[in-house]
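This document starts with one chain, in the form predicted alone, laid out as structure tokens.
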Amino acid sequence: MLRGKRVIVTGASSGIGEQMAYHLARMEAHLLLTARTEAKLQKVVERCLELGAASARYISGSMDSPSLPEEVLSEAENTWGGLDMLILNHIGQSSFSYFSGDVGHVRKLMDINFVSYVALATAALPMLKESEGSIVVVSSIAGRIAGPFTAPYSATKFALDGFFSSLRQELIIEKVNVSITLCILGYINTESAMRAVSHVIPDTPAPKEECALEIIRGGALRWREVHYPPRTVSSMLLLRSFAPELLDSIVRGSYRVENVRRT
């Protein structure tokens, strides 16, 4: 289904984004990858070409730059003449700790994790409307269930849910055939997640390779949501609806609180 399709993947230099790039390359898609670190992006692009990508290129930069979303979408328009799928996956750095009261950090994280998603989707919509394409938003269980130690991060993910769920409704009302897939992810074995929470969360993380493939499948099949790992995420969302206080208690009890650092 994705052979020859034109796909942008943000946050593609490592973790889930890198794995999505490799899966899409095997599917012979055209790829435009973005992330902060140019050296890592170069290696990912080289690997994508080896795996069979129809084409692969990159733009490096931080998503807190107001000009980067337009730059990325202009590159897609000038190179391909359009776009079929936009996968929004990048995140800013945030510690897993008690909220320190740093409002400046919340503002910056909101710019990277939320506002840049809105800017990219807005810039991409004209091309996606023309191709009847897809927007894939990589979010988190922290955007549906507010656990401790993730207040700024969780706020940005709740914002993504609100904005893109509302936008989906508007597109349906206007009979615009652009799908929006929200990906609600649990604990995945990316390097950044393991570094941030492995000392606090004793659970075994799910594999990033399988997670990446599930995200792509959900976007290609135009699913409303992707839950991964499916059993864990779906059961937590169900429990939130029927017994929220019990869920809160279970979540608090699942952490090694004594290992949480104060910033």
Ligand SMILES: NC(=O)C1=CN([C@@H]2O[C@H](COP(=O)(O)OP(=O)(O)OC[C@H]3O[C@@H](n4cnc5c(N)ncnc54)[C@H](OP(=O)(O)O)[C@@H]3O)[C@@H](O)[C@H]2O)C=CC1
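Keep in mind that what you see is a predicted model, and the values were worked out from it rather than measured. Residue numbers here begin at 1 and follow the sequence given.
In what follows, reference is made to the form predicted in complex with the ligand, a form of this protein that is not presented.
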Quiz item: Does each of S14, G92 and Y187 have at least one heavy atom within 4.5 Å of the ligand in the model of the complex?
Solution: yes
Exercise. With heavy atoms only and a cut-off of 4.5 Å, decide whether S166 touches the ligand in the model of the complex.
Key: no
Quiz prompt | Proximity of S234 to the ligand in the model of the complex, heavy atoms at 4.5 Å | solution = no
Quiz item: Heavy atoms within 4.5 Å of the ligand in the model of the complex: does T37 have any?
Solution: yes
Quiz item: Might V115 be said to contact the ligand in the model of the complex, defining contact as any heavy atom within 4.5 Å?
Solution: no
Quiz item: Since exactly one of A119, M127, A155, A193 fits, which has a heavy atom within 4.5 Å of the ligand in the model of the complex?
Solution: A193
Quiz item: Looking at 170-178, 99-107, 72-80, 137-145, which lies within 4.5 angstroms of the ligand in the model of the complex, counting heavy atoms?
Solution: 137-145
Exercise. Pull the contact list for 208-222: residues with a heavy atom within 4.5 Å of the ligand in the model of the complex, in sequence order.
Key: none
